[in-house]
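Just the one chain here, the form predicted on its own, laid out as structure tokens.
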């Protein structure tokens, strides 16, 4: 039995046990947002059952406040596109299943309602225009080539650290014009900002506070430099010289910075790692890609669906309303499970199959919809496309040789480490 066959057998057994537990547990006892389900990758049968039996589910069995789970594609679209009914505002709890911790309630445009949302979002939108993406593509390719050419052969290494983190952090440093030699600070701040208490990323609330204060002080210094210098083509300078954002208070600045760091780091890096894992788990699709590299164009959005790098987004009901046949009260927290909607057969054909040549691969929910649709989604797709173009040129195969270690989180669906080997 080769390594991949053994890994698949172990995963199948884990899912069999998870399915038994999910179908034996009363629906009233479901807590689909439990981080352990995501760390173990055993979430699937729990959401499968909810989609079948109670697609809008009220959870009262959790160590956090009660919440509604919206698990089907069309219901998620309804919530995501009705921002007059469902609020993202940080003052009401924000965009993740848990309320924003006290002292971290920094407003960002993803956690704002209209009209402030669009005014601040427009400030950074020029970074992601087709013209600017064409310029960034050259840089992404140069850096991808350099990183890939320096990978070891015939020895095991962590793909997440050597490729996914390195390439996404280099891009973040470019977008912010951040000091190059200190770019890994961006990765660390991204991890700390989304870390749950039991994740092992930080040891204490005090450590988290100290690291976030360091982030705020560092960017405060860079902000002051950009405000007092002529406009430049980086995100900080764009915000410093826009009427909508140049007078932000320090909390609003910090909120937007963390949003852009997490958005540029977690989503792309975890999809990059997830693409290698998915193709190893589906060797027929990997062979299909090697035989026809043009399929990268449809493979990229399929991987983004399959990985769903942000598992959910949360809203708060502004009025009494209904979803499906359930009555939602004003003030209730409503969680859109993108990870479940991306496996809903009413929205996506054959959703449990990984198919890199889907006819309509972009119908996934991973980037959200409505006014909060991911501002950097085209850049994320571009990075994935280029790195796979360059990997296919160099390596016949990147082989996963051990179990991935997943992030303890039901918000960021991430991979901490992925042991791989490239045969010379």
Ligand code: HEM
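Residue numbers count along the first chain shown, from 1. Since this is a predicted model, take the numbers as computed values, not measurements.
Although it is not shown, the form predicted together with protoporphyrin IX containing FE (HEM) is what the next lines describe.
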Using a 4.5 Å cut on heavy atoms, which of 374, 355, 34, 392 is close to protoporphyrin IX containing FE (HEM) in the model of the complex? 374
Option touching protoporphyrin IX containing FE (HEM), based on a heavy atom within 4.5 Å in the model of the complex, out of 226, 333, 121, 343: 121
Using heavy atoms and a 4.5 Å cut-off, decide whether 274, 306 and 388 all contact protoporphyrin IX containing FE (HEM) in the model of the complex. no
Partner proximity in the model of the complex: residue 268 to protoporphyrin IX containing FE (HEM), non-hydrogen atom cutoff 4.5 Å: yes
Is there a non-hydrogen atom of residue 128 within 4.5 angstroms of a non-hydrogen atom of protoporphyrin IX containing FE (HEM) in the model of the complex? yes
Distance check, residue 380 to protoporphyrin IX containing FE (HEM) in the model of the complex, heavy atom within 4.5 Å: yes
Does residue 263 reach protoporphyrin IX containing FE (HEM) in the model of the complex, with heavy atoms at most 4.5 Å apart? yes
Where, among 310-318, 289-297, 184-192, 214-222, do residues come within 4.5 Å of protoporphyrin IX containing FE (HEM) in the model of the complex by heavy atom distance? 310-318
Those residues of 330-351 which, in the model of the complex, come within 4.5 Å of protoporphyrin IX containing FE (HEM) by heavy atom: 338
